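Take a look at this single chain in structure tokens; it is the form predicted on its own.
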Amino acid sequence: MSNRVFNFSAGPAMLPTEVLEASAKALVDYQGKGFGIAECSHRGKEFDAVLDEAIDRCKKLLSVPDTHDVLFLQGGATQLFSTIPMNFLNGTAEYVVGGEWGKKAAAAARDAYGEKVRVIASSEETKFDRPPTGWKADPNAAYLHVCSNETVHGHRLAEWPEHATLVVDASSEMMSRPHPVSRTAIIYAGAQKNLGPAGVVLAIVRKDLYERIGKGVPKIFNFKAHADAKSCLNTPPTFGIYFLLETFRWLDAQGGLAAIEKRNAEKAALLYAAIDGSGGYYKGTVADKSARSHMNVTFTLPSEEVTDKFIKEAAKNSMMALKGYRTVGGIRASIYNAMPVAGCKALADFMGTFAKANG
């Protein structure tokens, strides 16, 4: 497809062309069977094989140990903000809030469970310009919740913290690099950043947590019930899961997550070099450069008027969806796995040209 633009949307986001084409073919005619993958029963052998391969490839890509289940859920990561405490909050849960999504996760839990939910660190006072630092979690807390990459504010946890029951919202960096699955209790992510279309949540859950689930948790929100049913407790988003399978195949073909991490670092470095080399024309929004995201590059220009001009001119040059999140403004370039190095180079070159013309 020669007419595809560089789509810097934060999600739903740019997806690999090879994955789109393979999924489109399967949508019309799956393996020459005369029906599409979205038309077959979730109880049938065709989709059961899709599930088996998707689970197996996910486990291999992330080195998921036998102590954990791979689940494909619905409701978005936002629903898990509520279902995680519903299932596992026995005692007190602790939250580290580094941005918009960490704040929303903590608020959802606190609305339902009040003082059982503690925010032990927040960088809101500095407008979420960095991850919180200097905090210490209670090792006896029911769980410690963090958001590993804050999509809106453009920073990440380069290293995930240690905790016996670590819960990680990895929505905007899932499979962008290897993750320490074996020492986490739950990792979850909405698919619409790095994995596929909106409508699927990938959750990796340590099995020993199931014993915490109370009898009053409705079956549809019960993680063990979903695990026992191999993510088919109700009709799952079959096409979305198939799409994830094609993404997993694509990631394997790229050399796995270590290779993807290297490419993502190269892409991010191009844009941060353009920011840092602009003489202050572009200002990065993250105070701690070591915490800059490799998925969401955020920066500002001298004025809103110039920012609007930047966005419009970039669009004319086939670079789309660069407007920052509605509550913070500025520019946000989301450069998930599917964004090629060429896209980041094109944006970096445009940034240099634009600064010279409008400085």
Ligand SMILES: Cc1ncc(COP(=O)(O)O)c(C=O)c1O
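When you see a residue number, it is the position in the sequence shown, counting from 1. Everything numeric here is computed off the predicted structure, so don't read it as measured data.
Not on display, but discussed next: the form predicted together with the ligand.
- Shown without its partner, this chain lists 202, 174, 245, 147 as candidates; in the predicted complex, only 147 has a non-hydrogen atom within 4.5 angstroms of the ligand.
- Proximity to the ligand in the predicted complex, defined as a heavy atom within 4.5 Å, singles out one entry of 239, 81, 221, 88, which is 81.
- A residue is said to contact a partner when one of its heavy atoms sits within 4.5 Å of a partner heavy atom; residue 151 meets this definition for the ligand in the predicted complex.
- Residue 77 belongs to the set of residues with a heavy atom inside 4.5 Å of the ligand in the predicted complex.
- Within this chain, residue 192 lines the site of the ligand in the predicted complex, having a heavy atom no more than 4.5 Å away.
- Contact check for residue 101: a heavy atom falls within 4.5 Å of the ligand in the predicted complex.
- Between 163-171, 90-98, 131-139, 109-117, the stretch whose residues reach within 4.5 angstroms of the ligand in the predicted complex through a non-hydrogen atom is 163-171.
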